[in-house]
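Consider the single chain below, provided in structure tokens and representing the form predicted alone.
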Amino acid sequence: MGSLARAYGRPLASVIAGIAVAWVLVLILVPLGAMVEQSLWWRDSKGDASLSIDRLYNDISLIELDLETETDPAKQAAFDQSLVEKRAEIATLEAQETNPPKTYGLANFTRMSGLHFYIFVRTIFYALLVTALALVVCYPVAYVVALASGPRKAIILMVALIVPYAINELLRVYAWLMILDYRGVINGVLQWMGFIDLDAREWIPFLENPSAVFLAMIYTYVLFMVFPMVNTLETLDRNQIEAARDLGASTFRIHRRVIIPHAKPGIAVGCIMTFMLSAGSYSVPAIMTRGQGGDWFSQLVYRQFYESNNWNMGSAYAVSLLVVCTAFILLMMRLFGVGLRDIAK
């Protein structure tokens, strides 16, 4: 705060700090706190409440019949007292049935079915595969853009990367759907070449394989992997590469000993962003699989919220995914030996 005040003056520094605090509070802490709180409680409604209420109403009807024929004042008073007690019990049960009390605990996290847990683990595994494949594909691209080309060529390559992302994400995903569909571009080319017959339904079912989702995700999130590495590699002194080459180092050794160690912060950021976007993606698997390749965990979270209307379980599912993503961030920081300050650069 002191350095900010010296750079911009105390009034402007206070405004900047206030905006930052409001941003973190309103857009991060409050929604996250609400989701965590929602995941830790549930309504403990008794399933036999309706049956108990019906029995009490039946008892009241019988007591009222007995009361109409009873002439003894003492027994009438006893019947009246019994009616009052049963009506009070009915009111209590109806209140519990319409608005059951909250019960706090971790039951929402332990109620995940075996199938949902399998989908959760599979989603994390697939997100790791997407991240690894994106790293393999994007590292050479980042290297060429940042180091292996002149300024003009680097600008052309960067524009070529950015221009497709001027199109809406859903349109890009649907473009891959049209390419990989049963009667899409690839199957159409294969039929033209005589390898398959679409009229006989001999198409290759690309969309029923997870690789279709992987391909669409890598294309959708490629910039989130490329840009952090490009930003880091641009700060590398090219003289280090030339010196290593003059000393007889092979290309593989130069990358392993010089370039990759310098690019660690960018690689860590790219892996973190790609993994979190892949693990939490909803539109890409929903569009690409069309229900044929199995659900992703994000689709289960959506169903818990908007189809089952079970916000407590949905929050528990979302928190579980958040915990795994946070653990992945810490793992990447530990694996690449970088801290938050290095990542922020």
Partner chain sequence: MSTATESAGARLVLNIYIGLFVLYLFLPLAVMSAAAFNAFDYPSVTQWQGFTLKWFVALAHDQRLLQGLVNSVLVALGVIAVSIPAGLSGALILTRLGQRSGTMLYSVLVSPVLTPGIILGISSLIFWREFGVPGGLFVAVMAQSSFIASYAMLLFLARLQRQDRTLEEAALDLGASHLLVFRRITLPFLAPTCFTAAVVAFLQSFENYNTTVFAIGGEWTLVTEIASRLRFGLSPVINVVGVIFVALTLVAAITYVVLKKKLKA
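Here, rigid core means the biggest group of C-alpha atoms that superpose within 1.5 Å across both forms. All values reported here derive from a predicted model rather than from experimental measurement. Positions refer to the first chain, counted from 1.
The discussion below concerns the form predicted in complex with the partner chain, not included here.
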Open item on the list: Please pick out the stretch from 124-132, 85-93, 173-181, 71-79 that is in contact with the partner chain in the predicted complex, where contact means heavy atoms within 4.5 Å.
Closed with: 173-181
Task: Residue (of Met112, Ile119, Ala244, Leu157) lying close to the partner chain in the predicted complex, criterion heavy atoms within 4.5 Å - done: Leu157
Task: Answer option from Met193, Val163, Leu106, Ala200, heavy atom within 4.5 Å of the partner chain in the predicted complex - done: Val163
Open item on the list: in the predicted complex, does Tyr57 come within 4.5 Å of the partner chain, counting heavy atoms only?
Closed with: no
Open item on the list: Please determine whether Lys153 contacts the partner chain in the predicted complex, using a 4.5 Å cut-off between heavy atoms.
Closed with: yes
- [ ] Answer for Ile272 alone: is it within 4.5 Å of the partner chain in the predicted complex, judged on heavy atom distances?
- [x] yes
Task: 4.5 angstroms heavy atom contact with the partner chain in the predicted complex for Leu62 - done: no
- [ ] Just give me the residues of 7-22, first to last, that have a heavy atom within 4.5 Å of the partner chain in the predicted complex.
- [x] Ala7, Tyr8, Gly9, Leu12, Ile16, Ala17, Ile19, Ala20
Open item on the list: Core superposed first: is there a CA shift of 2 Å or greater at Ala13 between the shown form and the other one?
Closed with: yes
- [ ] Superpose the two forms on their rigid core, then report whether the C-alpha of Phe125 is displaced by 2 angstroms or more between the shown form and the other one.
- [x] no
Task: After fitting the core, Gln191 CA displacement of 2 Å or more between the shown form and the other one - done: yes
